[in-house]
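The form predicted on its own is given below as one chain in structure tokens.
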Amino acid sequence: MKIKLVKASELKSEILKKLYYENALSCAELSVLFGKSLPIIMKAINELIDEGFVVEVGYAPSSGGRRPLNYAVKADAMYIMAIAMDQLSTRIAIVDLCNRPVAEVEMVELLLNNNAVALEKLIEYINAYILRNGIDKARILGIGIGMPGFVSAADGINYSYLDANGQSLNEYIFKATGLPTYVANDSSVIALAEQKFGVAKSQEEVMVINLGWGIGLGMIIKGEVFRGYDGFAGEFSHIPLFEDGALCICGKQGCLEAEASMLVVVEKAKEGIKQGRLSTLQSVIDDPLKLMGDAIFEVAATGDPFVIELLSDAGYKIGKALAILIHIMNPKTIVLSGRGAKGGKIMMAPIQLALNKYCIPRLAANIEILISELGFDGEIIGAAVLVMENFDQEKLIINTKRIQMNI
């Protein structure tokens, strides 16, 4: 068990974060995790119980002797607003401290590309959602937002979308909503979700592939999200793989995204059907892009040969790109996550075929490729994690006062 040394002044907030990630722990387990004596841990736990953040949840299994009490976060002590954005739409949720939605998750159409009012619309949707669901802002810890583009989480700036005239989005949205706000690239946010609550839980070296309208990459290195020098690491979509490939939205030719993203799969499906390919997608060919994207996975599950062919082709190209990633990073685990994780089982075989062809066997021998169990919910969960990652003793004190005022 990895020991995390923390200052005494930070112990309570760190315990709360650990209980959020681990569901339930005993004082003895917390003592080992933080390298603190049992009396110090018990004092902090009792204070968190008195403040309304922690509850007893029964006894742990006995390992001989007296069974220890387990403690967990009080789910409804505070809430988190979690927002998952892609290029076409945005999902908005408010979740409790067990990541369970306390109001219906809302999806709104919000085009990001060449949309000068996208940021103002986002703020409008945020405030309206809170008001409509009757949730007191004083009970919301903050807003976490996963978004596509070149996002500097440190500066709070998205250099691709949601222009705030050079201001930090964190500060801009905070001023407009009154809630602490944290933004990060969607793929990094999904990687956080997979590491904290998904199939890569507690792993130190993980590459998380975000299969969405683009193809993103979130990297966990030495147990931390790796964002690179400027914060833009993980632009997996723009690995140039094809010499004479299609033109990418980045302006370059032959990028992975232009050949294998969900956007490309949908466009190829439409073109193929128009040229006479048989598919049950025929009935949705004129539907909006997002609806047809969803339909592709439903149709694939029924064994539609044309759709399986398209997903297999995309999987093989993604596998070729993964071979490059494996040669550079030599990860322990690769997770297929995001919207496209629904097609993971179909893509797995062609991905492995490409790895067999392009990857040095010694480097690929011990790599485990997993399909996300969080899937499309990963970005919402990761956005909530983003808020908790920024939770500290100062915010604990502020929110303790809020809880006491509401009692």
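Note that residue numbering follows the sequence shown and begins at 1. Computed from a predicted structure; not experimentally measured.
There is another form of the same protein, the form predicted in complex with a further copy of the same chain; it is not shown, and what comes next is about it.
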In the predicted bound form, the residue from M329, I135, A75, I273 that sits within 4.5 Å of a further copy of the same chain by heavy atoms: M329
Among the candidates I140, V299, L122, M219, the residue which, in the predicted bound form, approaches a further copy of the same chain to within 4.5 Å (heavy atoms): M219
Among 359-367, 338-346, 374-382, 25-33, which stretch has residues whose heavy atoms lie within 4.5 Å of a further copy of the same chain in the predicted bound form? 359-367
Is it the case that P305, even though its partner is missing from this view, gets within 4.5 Å of a further copy of the same chain in the predicted bound form, heavy atoms only? no
Taking any heavy atom pair closer than or equal to 4.5 Å as contact, tell me whether V105 reaches a further copy of the same chain in the predicted bound form. no
Would A118 count as touching a further copy of the same chain in the predicted bound form under a 4.5 Å heavy atom rule? no
How about E224 - does it come within 4.5 Å of a further copy of the same chain in the predicted bound form, if we only consider non-hydrogen atoms? yes
What residues of 220-252, in sequence order, lie within 4.5 Å of a further copy of the same chain in the predicted bound form by heavy atom? I221, K222, E224, V225, F226, R227, G228, Y229, D230, G231, F232, A233, G234, E235, F236, H238, I239, P240, L241, F242, E243, K252
